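Coming up is one lone chain in structure tokens, specifically the form predicted on its own.
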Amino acid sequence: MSFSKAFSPALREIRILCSQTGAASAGTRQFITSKYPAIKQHNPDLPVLIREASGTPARVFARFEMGVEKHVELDNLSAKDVESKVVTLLGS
């Protein structure tokens, strides 16, 4: 799966949580900066929520049809590792 094409219609929402200043969230912030435009370009109707709060551990949640929700932890990962974790999450 790539961020250069539309996601599965079963995906209903993506929520990304991170700290706006914490070192453990640096890779997640870099991922957001580099990949968010492509995600929204190819999935304009998909809600992508970004929530930043001081001290919040970095993680991403994906909500699928029928209320199924999955998440992965992203603390202390590089932007490339964050991308691979998100791809795995969205492909499951």
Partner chain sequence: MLRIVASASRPSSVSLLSVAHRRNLSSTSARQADITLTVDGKEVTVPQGSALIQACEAAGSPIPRFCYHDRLAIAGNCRMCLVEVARSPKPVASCAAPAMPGAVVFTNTPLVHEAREGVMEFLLSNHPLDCPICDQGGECDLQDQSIRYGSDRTRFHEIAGKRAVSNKDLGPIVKTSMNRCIQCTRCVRFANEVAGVEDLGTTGRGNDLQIGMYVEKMMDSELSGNVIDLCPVGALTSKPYAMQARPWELKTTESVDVLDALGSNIRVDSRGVQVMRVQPRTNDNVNEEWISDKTRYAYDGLRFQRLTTPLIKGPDNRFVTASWPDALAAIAAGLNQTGAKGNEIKAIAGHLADTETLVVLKDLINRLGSDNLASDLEGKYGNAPPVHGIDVRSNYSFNSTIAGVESADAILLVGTNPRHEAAVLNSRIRKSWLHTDLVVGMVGTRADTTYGFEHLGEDAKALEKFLSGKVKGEFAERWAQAKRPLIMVGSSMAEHADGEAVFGMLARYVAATGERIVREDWNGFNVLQRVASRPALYETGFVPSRAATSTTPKFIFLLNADEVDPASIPADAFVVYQGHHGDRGAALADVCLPGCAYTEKSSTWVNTEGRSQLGRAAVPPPGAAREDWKIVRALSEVLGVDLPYEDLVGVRDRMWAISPSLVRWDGLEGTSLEVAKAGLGSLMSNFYQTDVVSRASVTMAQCTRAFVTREKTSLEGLGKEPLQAHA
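Positions refer to the first chain, counted from 1. Values in this document were obtained by computation on a predicted structure and should not be read as measured data.
Absent from the display: the form predicted in complex with the partner chain. The rest refers to it.
### Message
Please determine whether R12 contacts the partner chain in the model of the complex, using a 4.5 Å cut-off between heavy atoms.
### Response
Within the cut-off, so yes.
#### Entry: is_contact(D81, the partner chain) in the model of the complex, heavy atom dist at most 4.5 Å
It does not: once the partner chain is placed as it appears in the model of the complex, D81 has no heavy atom within 4.5 Å of it.
### Query
Hey, in the model of the complex, does A38 get a heavy atom within 4.5 angstroms of the partner chain?
Outside the cut-off, so no.
### Query
Any of the heavy atoms of R51 lying within 4.5 Å of the partner chain in the model of the complex?
Yes, R51 sits close enough to the partner chain in the model of the complex that at least one of its heavy atoms falls within 4.5 Å.
### Message
Using a 4.5 Å heavy atom cutoff, which residues in 66-83 contact the partner chain in the model of the complex? It's fine if the answer is none.
### Response
The stretch touches the partner through M66, G67, E69.
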